[in-house]
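Given next, in C-alpha cells, is a single chain: the form predicted on its own.
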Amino acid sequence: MIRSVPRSRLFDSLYLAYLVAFFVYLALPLLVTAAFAFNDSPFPSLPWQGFTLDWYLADGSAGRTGLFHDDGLLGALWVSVQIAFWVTLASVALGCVNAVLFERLQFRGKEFLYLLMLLPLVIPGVILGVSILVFYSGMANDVSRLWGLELDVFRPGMTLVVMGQVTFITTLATLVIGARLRKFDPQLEEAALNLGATPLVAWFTVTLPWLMPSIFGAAAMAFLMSFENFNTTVMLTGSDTPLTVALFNRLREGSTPVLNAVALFLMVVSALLALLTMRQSQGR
C-alpha cells in the first residue's frame, strides 16, 4: 500500500481482518498439531484429556513409546540428517560453481543452459523421482546383464536419494548465490590481483567472504528442503528409510500423537535453524 494515499477506516479494518485471518489460516494447523503432541490420549483428537510428555519420553513400559525411545523414528531421523548433510554439501558446492559460470562467463548457449538448469523446478517431484529411478536402475541392470558388474550405488537407496534431491536443490542454491554474486564489484578482485594475489587466492580472500551470507542461506535452505522432501524421496528410497517416508508409512497404519510430537520437534528445529541463519547473515 502507498502510505500517502488516503484510506478510509473501513478499508483499514478490512485489511487488518484479512491479515489476521491469513496468519490464523497459516498458524492454526501448526498450533493444533503442537497441542495434540501433549494430549494424554492415545489418539490425536479431542477431547483434551490432560497434559503429558509421554509422546516424547515414554519408554514403552506403560504401553506407550515416546519419540526419544522409538528406535524406528530415531533411525529414520538419522538417515534424513545424513541425506540432508550430503545434499547440502553437494548443492552449495555446485551452486557456487554454477553462480560463477552464469554471472561471470559469457559463452554460446548460456541462456539455453540456464533454462535447462531451471527445468527441475517445474517438473513435479514424483515425475523427477520416477525418471531418475528408471534411468539409473535401468543402467545398473544393463551393466549387470552385459558385464556382470553390480552397481548397487545406482539402485534405490541413500545414494540415489541424494542424487535425486541434488538435481533440483542445486538450482535453488545457484539462484541464491548468484543473486549475491551479481552485486559483487569485480574491481575488488582486480585490486587483489594487482597486489600480487593469484586468482585462487583472490577468490578465497575477497569473493568468497562476500558470498558467505548467501552460502549460509543456501545451505540452510538446502538442508531444510532435503530434510522435508517426500515426493522425490519416496521413489528413490531403499532399506534406509528417511523420516518423511517413515512418517507416511506410520500414518497409513493409523495416526498417533507420536507423529504430532515428531512434527512439533521438526518445527522447533527448523525455526531455530532459520533464526540462526538470519542472525549469522545479519552479523556478517
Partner chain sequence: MTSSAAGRLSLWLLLTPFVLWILLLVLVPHLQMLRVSFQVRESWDSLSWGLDQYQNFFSEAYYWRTFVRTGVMSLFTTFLTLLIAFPIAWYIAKMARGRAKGILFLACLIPFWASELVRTYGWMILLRESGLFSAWLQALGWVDGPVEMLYNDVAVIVGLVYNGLLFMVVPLVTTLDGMDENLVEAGYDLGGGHATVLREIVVPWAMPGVVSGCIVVFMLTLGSYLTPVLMGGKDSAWFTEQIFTQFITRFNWEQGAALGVLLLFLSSLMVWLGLKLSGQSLRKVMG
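Not measured: the values here are computed from a predicted model. Numbering follows the first chain given and starts at 1.
Form predicted in complex with the partner chain: not shown, discussed below.
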Please run the contact check for Glu111 against the partner chain in the predicted complex: heavy atoms, 4.5 angstroms, yes or no?
yes
Is there a heavy atom of Ser255 no more than 4.5 Å from a heavy atom of the partner chain in the predicted complex?
yes
Looking in the predicted complex, any heavy atom of Asp40 within 4.5 Å of the partner chain?
no
With a cut-off of 4.5 Å between heavy atoms, is Gln82 one of the residues that contacts the partner chain in the predicted complex?
no
Proximity to the partner chain in the predicted complex, single hit among Leu89, Leu74, Val143, Leu175 (heavy atom within 4.5 Å):
Leu175
Partner contacts in the predicted complex for 164 to 181 (non-hydrogen atom within 4.5 angstroms of the partner chain):
Val166, Thr167, Thr170, Thr171, Leu175
